[in-house]
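Just the one chain here, the form predicted alone, laid out as structure tokens.
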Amino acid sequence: MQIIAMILSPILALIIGIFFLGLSRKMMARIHWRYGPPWTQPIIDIIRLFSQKSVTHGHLFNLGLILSLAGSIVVILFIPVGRIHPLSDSGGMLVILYMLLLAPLGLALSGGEAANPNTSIGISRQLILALGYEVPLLLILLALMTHYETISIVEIVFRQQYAGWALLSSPLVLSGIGYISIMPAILGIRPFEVVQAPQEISSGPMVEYGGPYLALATIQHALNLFIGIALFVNLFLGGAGNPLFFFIKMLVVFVLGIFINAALPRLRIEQAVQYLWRWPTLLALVGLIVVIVMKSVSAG
């Protein structure tokens, strides 16, 4: 059963992530009073790209993209999707936090081999942005681990099914708001769409990808969408008892994110980091202090 779960979990993540990619393009078009492409367009694009030929820039160009995909797949194996959680007993949230760094690192290694100026700018922005949201994310995870007295994400989901959502519990409200405020940065949507920024740097790290490489980069983007939203659903919305309810919760969160993406302009990279290290970090830090104080009071 564990082997089946290890195969099924990434497949579900990929299906949901690609669906979100298509849905976002359709919704953005409707918001802009356009008809837009069909929601199946990402599937058509991936099939078409795999049938095309492309040029490689070296072994590191290939291995970096594989490393990025492998890191995302490993993270997905730790994240519960309903009752599907193949590696739930092998590590905790700190392992997930470390593994999240593999995706931007792999793309950085791959793009660096291409030696394109636009790629280099996009990679530097990606690493800086990752550093910006990793700080408040670490504080948020520390607050959750302190409150529930466990590092297991499965145990946190289990506790919420009896005690209610973490987002609605008084000790973790600030931590939940902090996660919501950094989620657009994790997903790479506006106002934090600084990594690709087609109008400025010709899609940044994606500019040298074509054919199968661009298809794999699109799959990586889909998996990243799934990871960012699935973590929030599990940590603050109590997860779900089955994949269908889990998908519905993810869909609601994603649609709200699309409206934010449509309404806000893109920040500059320095503005993005200043924001991430100011308000979300402050909320996460105060939330951690509140959890520690309430734990001390209840223990006394």
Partner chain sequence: MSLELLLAAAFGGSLLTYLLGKISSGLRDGFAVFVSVILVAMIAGLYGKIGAVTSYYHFMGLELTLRISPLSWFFAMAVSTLGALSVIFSLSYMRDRERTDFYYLMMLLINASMLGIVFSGDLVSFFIFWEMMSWSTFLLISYNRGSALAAGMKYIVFSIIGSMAMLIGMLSLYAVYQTVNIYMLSNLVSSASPGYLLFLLIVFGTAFAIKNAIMPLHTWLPDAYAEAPSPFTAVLSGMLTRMGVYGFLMIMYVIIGSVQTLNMGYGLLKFNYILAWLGAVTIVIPTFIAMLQNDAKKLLAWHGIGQGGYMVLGIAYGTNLGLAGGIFHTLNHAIYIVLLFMSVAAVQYRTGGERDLNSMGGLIKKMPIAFIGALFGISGLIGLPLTNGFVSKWLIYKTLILNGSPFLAFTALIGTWGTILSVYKFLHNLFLGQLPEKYKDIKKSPVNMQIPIVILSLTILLFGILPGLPLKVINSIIASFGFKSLNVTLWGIVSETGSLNTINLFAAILTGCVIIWLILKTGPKSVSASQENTYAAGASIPEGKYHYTVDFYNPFYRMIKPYLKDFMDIFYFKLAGWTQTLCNIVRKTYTGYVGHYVTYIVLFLAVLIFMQLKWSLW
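This is a predicted model, so every value here is computed, not measured. Positions refer to the first chain, counted from 1.
Keep in mind the form predicted in complex with its partner chain is missing from the figure; the text below concerns it.
Between 225-233, 109-117, 163-171, 179-187, the stretch whose residues reach within 4.5 angstroms of its partner chain in the model of the complex through a non-hydrogen atom is 109-117.
The shortest heavy atom separation between residue 277 and its partner chain in the model of the complex is within 4.5 Å.
In the model of the complex, at least one heavy atom of residue 123 sits within 4.5 Å of a heavy atom of its partner chain.
At a distance threshold of 4.5 angstroms between non-hydrogen atoms, residue 84 is out of contact with its partner chain in the model of the complex. Heavy atoms of residue 251 never reach within 4.5 Å of its partner chain in the model of the complex, leaving it off the interface.
67 is the sole member of 67, 262, 27, 267 with a non-hydrogen atom within 4.5 Å of its partner chain in the model of the complex. Using a 4.5 Å cut-off on any heavy atom, the one residue of 31-50 that reaches its partner chain in the model of the complex is 50.
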